[in-house]
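Taking the form predicted alone, here's one chain by itself in C-alpha cells.
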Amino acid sequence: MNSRFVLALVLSWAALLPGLVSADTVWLDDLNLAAATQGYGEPKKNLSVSDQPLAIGGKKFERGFGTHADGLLKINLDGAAQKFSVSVGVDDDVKGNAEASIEFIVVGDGKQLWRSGTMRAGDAAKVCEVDLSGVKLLKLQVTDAGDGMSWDHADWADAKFETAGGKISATGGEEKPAPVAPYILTPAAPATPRINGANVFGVRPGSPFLFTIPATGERPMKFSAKNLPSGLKLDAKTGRITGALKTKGEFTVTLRAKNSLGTAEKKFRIVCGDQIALTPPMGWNSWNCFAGAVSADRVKRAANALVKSGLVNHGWTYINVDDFWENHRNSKDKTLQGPFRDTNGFIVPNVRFPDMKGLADYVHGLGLKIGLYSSPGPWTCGGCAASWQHEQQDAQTYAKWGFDYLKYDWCSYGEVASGGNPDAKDIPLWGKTATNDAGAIYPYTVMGKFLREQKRDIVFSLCQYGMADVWKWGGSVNGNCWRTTGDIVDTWKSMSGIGFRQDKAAPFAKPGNWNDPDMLIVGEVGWGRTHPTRLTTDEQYTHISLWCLLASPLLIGCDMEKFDDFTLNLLSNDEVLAVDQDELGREATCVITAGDVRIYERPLADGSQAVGFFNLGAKPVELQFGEFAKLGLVGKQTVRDLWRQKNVATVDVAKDALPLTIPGHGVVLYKFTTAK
C-alpha cells in the first residue's frame, strides 16, 4: 500500500475521531502528590501510606497513590481531561483491622461525580470511571466513613486521566490563610519570683512523692513550704518535694519562692487518696519526632532540654518513651533484635535501652517523671514485643524500674479481640459477646488492675482511639486519660478535625479522668525525619488554646533540642496553661456557632470563665460580640487577653458589645471575671 495513502487515511481518521487518536494518558502518580493533605503519614507514590506495595482485596497494583483518611487532593484540569478511571479500596496492609473503614468521593467543579460507599479492610477494589468533559477542578476525597480514621489506609490504584492534550496539575488540599510570620504574644516572665503550675496534686498512700515547684524568676532562688505534711521534705535549692504519705488526707500548703528581687507565695493542695492526675498530665512524648529511632540517649537529652529550656518552671513534668524501646519481631535493625522476654517471662528492652532503671533515675534526678509505652496485644503498633499474657509481670517491671506513666496502645489486640488469636481463651472477644464494649474494655481492665496493685503511682493512658465511647468507662478501669480520636498530624485538617469534635466526650472529664485528643504538633515534628510544623502561626495559637480549653493532657511532640523562640513562647504562657490545669476539671464545649466562628466556654474554679473565639475560615473575621447571655455571663465583666496577659476591656453584658478581630484559622482567648 502506498505510504502517502496510509498517511492520508490516518489523518482522516484523526479528524473524525480526535478523542480516540489524540488522547493522552496522564497517570495520577506522575502528578505532585505532595500537594495532598491527609490525616496521617505522607502521600506515597506507587506505595501504600505504610510504604508497602499497593494491594486491595488480595489484588496487587503497580501504580497509584497511597494516602490516609481524611484526605484531599485537588487537580487542576482546565477542561483538558476527558475521563478519569481508578480502582479504590483499603490497602491490604491493614487487613484484619475492623477499625479500618473508608469512603472515596470524586467531585468535579463542586458536583459529586462518584462515591464508593463505605469500604473496609479486605474488600475487593471498586472501579470508578467518570466523564470529565468540561471539568476544571477535580477533588479526590477520602473520608473516615464517620467512625474515626484509625488504620484508614486508602489506595487510589491504577489512577489515570485520558486527555486531549493540555496540562493537568495537582494543587493544595486545603484552603490556607495568607502566610503570616511567627509573632510572639506572651510577655517574658518577670525576674521577680512567680510560682506557676497546678494548684492541686494527687498521690496515693505509700507511693513515692515527687513534685518540683514550677517557678520563674531570676536564680538563685530559695524554696520553702509552710504546713508540709509529715512524710514529705522540700529541697530548698531545687524546689523538689519528695517522700511518701502513709494515710489518706488533704493538706493545704503554702509554697514560697524567694530571690534577691522578692518573694512569691501560692496555696497548694496535696490530696492523698484514691485518685491521681488531678490535673491533666503535661510533658513530652518521643513519637512525633523520633518514632522508631528513639533511644535512651535521646530520651535523656529530651529531659535535659525540658529543664534547660525552662519549661520545667511552667509545670511541664513527664518525659515519655513511646514505641521501640522493646525488641522487634522481624526488624533488620540489629539494635532492635534480641529476646522479647527472659526465661521467667519478664520483658527485655532492646540494646538502645541498656538500663531502664538507670534511665528512670536519671529523669527523676532532674525533678521530672518518666513514662513508657506498650500494647495489650502481642505486638506494639510498630511490631515490638507487647504485654499480651504478661500484663502482671509488665506492671511489676514498670514499677520496679520506677516509671510513672503508661501509654497502652490497642494495636495488635485487634487480632485477639476479633478471635484471630488461638491463645485468646475465656475472655470477652470483640464481636463475640452481647455488645462490642466488653471486648474493648477487657484488656484495659486487666492492666488497670495490675498497675493499681503496684506501690507506685503510674498514670494509665488508654490509647484505643475512642472506641466503644471510652470516655464513659475509662475511669472505671483505673484509667486517668484516654484517646478520643485517631492519630494527629501537623495539618490544619487533622488538628481542627480532631479538636473541634470533642463535645460528646466533654461531660465525662473530671479530676483524674481526662479526654485526650492526642499530642501537640508544634515545633520540629516529623516521625523520624523532622521538619517545622505545617501549621501556620495562627493555627498553632488555635491548637494550644483549644487543647487547654479541652482540659487535654499536654504532651509536646517536637524535638526539644530544636526549640525556636516562637515554639518556646507558645508552651510557656502560664495564664493559658492555667486554663488547662484548672482544678475544677471542667472541659470546654462549643456554645455558639456563627458561620466560620466557633465559641468555646470553660468554667474555672475561681468563678471566672475562659472563652475561645475561633475562626475556622481562612480569612480574618471581625465582629461585635454581644451574646454574653449564651456564655452565662451577667453584670460587669473584666475581659483579659490570656495570650497577651493583660486586661483589654470592662463590659456591661446587658448593653455593651465586645469588638473582636479573629485571624484566619486563628483564635482570641479571653478570660471573663466579674468586675469588682
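What you see is a predicted model; the values in this text were computed from it and never measured. We number the residues from 1 along the sequence you see.
This protein has a second form, the form predicted in complex with a small molecule, left out of what is shown; the following refers to that one.
- Among heavy atoms of Gly382, some come within 4.5 Å of the small molecule in the predicted complex.
- In the predicted complex, the small molecule sits beyond 4.5 Å of every heavy atom of Asp155.
- In the predicted complex, at least one heavy atom of Lys407 sits within 4.5 Å of a heavy atom of the small molecule.
- Residue contact check for Asp322: one or more of its heavy atoms lie within 4.5 Å of the small molecule in the predicted complex.
- Only one segment in the set 76-84, 463-471, 240-248, 572-580 has residues whose heavy atoms sit within 4.5 Å of the small molecule in the predicted complex; it is 463-471.
- Taking a 4.5 Å heavy atom cutoff to the small molecule in the predicted complex, the contact residue among Tyr398, Tyr373, Phe104, Trp284 is Tyr373.
- This chain is drawn without the small molecule; in the predicted complex, the residue among Leu278, Ile441, Met519, Ala198 with a heavy atom within 4.5 Å of it is Met519.
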